[in-house]
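Heads up, the chain below is alone and in the form predicted alone; it's given as structure tokens.
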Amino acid sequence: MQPTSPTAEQILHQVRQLYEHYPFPPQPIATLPPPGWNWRWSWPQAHAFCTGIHPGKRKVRILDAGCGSGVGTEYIAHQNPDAEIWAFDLSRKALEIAQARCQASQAPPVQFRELNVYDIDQLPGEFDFINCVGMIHHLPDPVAGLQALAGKLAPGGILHLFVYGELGRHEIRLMQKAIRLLVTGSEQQPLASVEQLQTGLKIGRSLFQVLPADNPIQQQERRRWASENVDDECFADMYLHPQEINYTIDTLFELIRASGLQFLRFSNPQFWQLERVLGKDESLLAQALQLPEQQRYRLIELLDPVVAHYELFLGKPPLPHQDWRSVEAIEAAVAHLSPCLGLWPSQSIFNYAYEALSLGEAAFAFLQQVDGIRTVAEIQASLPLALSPEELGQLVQQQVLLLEPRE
């Protein structure tokens, strides 16, 4: 007999149950702010990445949708201290940890709520920036979930989305089915009770103990996931989850179109460059470049099938855009320093993407004067040695220097 498909309410209950017993992510609570940064959670950096424009110093509202145990929420709060920040999750246990985490590191205030995304209208107002990492693919109706988020996104707002990729999770799906088969007798039957989850964890651990070293599932686990799956919470999230939808480029863009939002950029654009996979053959590269944008992305994932997740930005029109090709436009813009720099102030720094950069003396002197108030031209006039247009353009391209058009 085929197992009956669970209802939406049953799926939400099973997802909540998983995270009540295995709150995720399991990172320990610390009394210091989180080290480093994730630029995707910095409103000014993310806005500049998507539009080319620093958004200025206006007050914004940020929502962490499906915040779990608050690892991302804590980063968001510390990276956007002047924003009004909200977060929600359907797991009460995860929310308790998230609140304790933010309190321990003295993060700026966060308004936490226990609810699922389908009830998001309970939150007041709209949000300029929504972070949604690891939630949409666990919903019974992802389209309705993303549409609900889109309805709370303010015009001109951006949404950071993270969903699973099918091709890079092939071995994970095989192990999920094997565990289900051993626990429930059916690879299609989710682990619906706490007892089944506990049994599944034990069986899954045992399988990785006995599978041969050259087994593809074993190899993939050791190569990509084993270091994080030491924690039971991570292992359960990966292999025991009752609800999971994996995407390809084609189904991902179907989801985006159904949401009514606009695709802006992948947050790892280097991976999605055709030159990376076809650069050694100019003829093939030229042919591939004739494909529409979506099909270019599809070709890349077919040729390099390692994508375990997609991370991207969506936006709600009208959205501004500036490519800063004009020297006059650059000089007239208000200069802001990237909030996501490593080892600053120094001539040897990391930019927002953790790329090592060496600054010349003139560039270093210029950046030290950037205050978010004066224009590029005003700063240039205050220095004994002005930067060349090429040097300014390079700082903008590397997103070390973020620019805000002066009204």
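Since this is a predicted model, take the numbers as computed values, not measurements. One-based numbering along the sequence shown.
What comes next is about the form predicted in complex with a small molecule, which does not appear here.
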Does the small molecule come within 4.5 Å of any heavy atom of V133 in the predicted complex? yes
Please run the contact check for H336 against the small molecule in the predicted complex: heavy atoms, 4.5 angstroms, yes or no? no
With the cut-off set at 4.5 Å between non-hydrogen atoms, does C67 touch the small molecule in the predicted complex? yes
When the contact criterion is heavy atoms within 4.5 Å, does L149 count as touching the small molecule in the predicted complex? no
Heavy atom contact within 4.5 Å of the small molecule in the predicted complex, the stretch among 294-302, 197-205, 109-117, 212-220: 109-117
Please identify the residue among R180, K316, H138, H160 with any heavy atom within 4.5 Å of the small molecule in the predicted complex. H138
Listed residue that, although the small molecule is not shown, lies within 4.5 Å of it in the predicted complex (heavy atoms), from I172, L312, I330, L90: L90
